[in-house]
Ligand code: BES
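We begin with a single chain expressed as structure tokens, specifically the form predicted on its own.
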């Protein structure tokens, strides 16, 4: 984000553009009422029947003494934090082509949904701008200049210091989201296991995160036969990155563990994927990106919680050394697995690191995230991810965080039938079930690697990690999905 966001009780005197909020039905906010006499806002609204104050609707006043933009807030009773983020995202779309340099957004006396404080609304607005401003153009020789003229945004709020404190925490979360987006958007010749590890070190070590890396020799000694099988066809060495954030040093409470699939490129291996859209398989590490982004958010806002993030980083390639359909491999848990399809590789990566994190760190709760199955998109489309939870209370916590952040989760079933389906005639398990319920049988496979009594949720984000169209606060491409919900979950249920 090239521009700064500041909070104050007064407008920035350098502002070349002033923005006033208008409630649905063209009702002026307190700040707009104060400016009405000077800028004739009421008279302008009477002459513009198309502007109704709908959320995110904008109206530029060309005949005003200064450049003025009216921004609709919609129904005040429905204006929760997410609504303010969305209207900020829509405003940013207008601003980036308007040629403004310094903007003041007047949020004095705004009306909000019940339970949302005005300073929190202002902070959410700032976060919406920050998320909407994300772009990925590292590899373009000519950069997009349409948004570069914007230098500063000042948000006026009666409680500017409170808004500033809230926004600082929200900035840390947004930084985590944007890091996750960057990782997913990186081309696979630039982001492969070893370069990914270096990126993790560069981003997280300065924030006080302890990082341990396991290379192939270490994993061979530990018996990571499932993960190593997936990566053995690639010239790129597989890696496991363990990120430890100890934000609660006063207690010995067990950590929460976040586990991510990090297949930096997935050809399908010997079970080769179809050619069309294979380029998008650079996003098959979206689960790991969400874990890395969440750890950055926790460290950035100095969360008082102990958390472990572990990601298995591999590249799934066909070669003379690649694992094959029909192979039997031995996982870190000691369970043997018959390989029926080398494109069902993510569950193999997760199996080993799920076992390792339980044995090594004894976590209170485990949540894994993975772009695991195309079947989840058949079931839920691109709006919802699938959530499998072995504990009802944990699911209720996840569901609440889904509502709080706008990241949509839908509970899917865990059942003995799905676990049974993944048993093999040749080995202990097989990595592929029948043609039906593929996301459920994949979760059933993973459940074989969860110890008794451990609270666990598996989040299949295959449909939500990558979008082909822009949304108000999420440009197309890597979405960073999962960071906000995980941070909210931890903040409300596991922090001191």
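Positions refer to the first chain, counted from 1. A quick note: this is a predicted structure, and the numbers were derived from the prediction, not measured.
Below, we refer to the form predicted in complex with this ligand, which is not included among the displayed structures.
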Contact label in the predicted complex: residue 371 to this ligand, heavy atom within 4.5 Å: yes
Non-hydrogen atom contact residue 345 with this ligand in the predicted complex at 4.5 angstroms: yes
Contact of residue 352 with this ligand in the predicted complex (heavy atom, 4.5 Å): no
Contact test in the predicted complex: residue 357 vs this ligand, heavy atoms, 4.5 Å: no
The unique member of 101, 377, 213, 254 whose heavy atoms fall within 4.5 Å of this ligand in the predicted complex: 377
Candidate from 366, 283, 292, 153 lying within 4.5 Å of this ligand in the predicted complex - any heavy atom: 283
Contact segment among 202 to 210, 189 to 197, 117 to 125, 273 to 281, judged by heavy atoms lying within 4.5 Å of this ligand in the predicted complex: 273 to 281
Heavy atom of each of 308, 401 and 484 within 4.5 Å of this ligand in the predicted complex: no
Stretch 447 to 468: residues contacting this ligand in the predicted complex, 4.5 Å heavy atom cut-off: 462
